[in-house]
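The data below hold one chain only, encoded as structure tokens and taken in the form predicted alone.
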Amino acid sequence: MYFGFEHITIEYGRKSILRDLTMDVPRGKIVTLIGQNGCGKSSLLKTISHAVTPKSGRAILDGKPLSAYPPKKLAQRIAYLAQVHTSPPDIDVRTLVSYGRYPYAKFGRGMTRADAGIIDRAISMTGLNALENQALATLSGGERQRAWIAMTVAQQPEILILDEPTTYLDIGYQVEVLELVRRLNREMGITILMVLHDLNLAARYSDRLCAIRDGSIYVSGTPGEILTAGNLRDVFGIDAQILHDEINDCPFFIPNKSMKELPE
């Protein structure tokens, strides 16, 4: 296995979240986890950053558990952007992006000319040239998210983990961020694993979807294979019409009604 998870079980107290979950993330693809709130999507990603310790199982890179890699070496290969991130209120964009170079820093040595060039490229690629000296606190939500993604680009990872990267953004910024994510994949070959709640955007911007239900992967495949009336009913409890977006060549759905019974 290039990258993924083997036999992951996660429990919070007596509550079982994931049970014996195994998932393979193909190299160079955009893979999105979908599923109901609380199904374990973010918990699975947090096993990578060690924010969550599974009861059993492990995350794998090149056939070895992540624990087999020295932290700096692992940070040179995998970048993780959490759903909620904080920084000093007066930090500017360029300083934040420069943090992506820390996995490559040598003891007693500051930023090199090569580091500066990589930071410049990350800022340029994410469209932040005009904002690089501005404080994060003065930016819009979409601009801040691009700045955090620029930091991960400066890290030069081969794998990028994004936990709900469009949370709290309006639809314009959601599309902007996901266009950037797809560009990082297509132009830099970065393997992307992310969690999204908007299924239509997930279908548009992903190569593969993996739906979690009852603690394990219920179905996985291309957006066309996964975004079906049956799967939406089984995973999300909704009745929906499935249509095809001719411009973007992907499926999308219109919900008709919830199939869940409301309490009387």
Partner chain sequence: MSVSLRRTIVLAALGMISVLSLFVCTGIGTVKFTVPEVAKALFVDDGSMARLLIWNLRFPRVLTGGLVGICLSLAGCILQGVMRNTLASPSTIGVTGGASFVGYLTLVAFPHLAYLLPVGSIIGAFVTTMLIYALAYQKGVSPVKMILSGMAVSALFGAFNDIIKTLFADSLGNASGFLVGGLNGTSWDSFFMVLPYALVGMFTCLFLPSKMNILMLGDETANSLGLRTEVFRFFLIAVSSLLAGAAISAAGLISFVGLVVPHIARLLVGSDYKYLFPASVLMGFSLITVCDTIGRVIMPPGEVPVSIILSFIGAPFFLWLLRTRDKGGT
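Numbering follows the first chain given and starts at 1. Every value quoted in this text rests on a predicted model; they were computed, and no experiment measured them.
The same protein has a further form, the form predicted in complex with its partner chain, not shown here; the description that follows concerns it.
Undergrad: On the criterion of a non-hydrogen atom at 4.5 angstroms or closer, are A51, A82 and W148 all touching its partner chain in the predicted bound form?
TA: The answer is yes: all three residues contact the partner (heavy atom, 4.5 Å cut-off).
Undergrad: Is I190 close enough to touch its partner chain in the predicted bound form, meaning at least one heavy atom pair within 4.5 Å?
TA: Although its partner chain is absent here, I190 would stay clear of it in the predicted bound form, with no heavy atoms inside 4.5 Å.
Undergrad: Using a 4.5 angstroms cut-off on non-hydrogen atoms, would K41 count as touching its partner chain in the predicted bound form?
TA: It does not: once its partner chain is placed as it appears in the predicted bound form, K41 has no heavy atom within 4.5 Å of it.
Undergrad: Decide whether P103 counts as a contact residue for its partner chain in the predicted bound form under a heavy atom distance cut-off of 4.5 Å.
TA: Yes.
Undergrad: Flag K72 as yes or no: does it have a non-hydrogen atom within 4.5 angstroms of any non-hydrogen atom of its partner chain in the predicted bound form?
TA: K72 belongs to the contact set for its partner chain.
Undergrad: May I ask you to choose, among L131, I78, M194, V181, the residue with a heavy atom within 4.5 Å of its partner chain in the predicted bound form?
TA: Contact residue from the list: I78.
Undergrad: Since exactly one of G127, G172, P89, G117 fits, which has a heavy atom within 4.5 Å of its partner chain in the predicted bound form?
TA: Checked against the cut-off, the match is P89.
Undergrad: Quick one: find which of 138 to 146, 118 to 126, 89 to 97, 173 to 181 has residues within 4.5 Å of its partner chain in the predicted bound form by heavy atom distance.
TA: That would be 89 to 97.
Undergrad: For 32 to 46: residues with a non-hydrogen atom within 4.5 angstroms of its partner chain in the predicted bound form?
TA: The stretch touches the partner through K46 alone.
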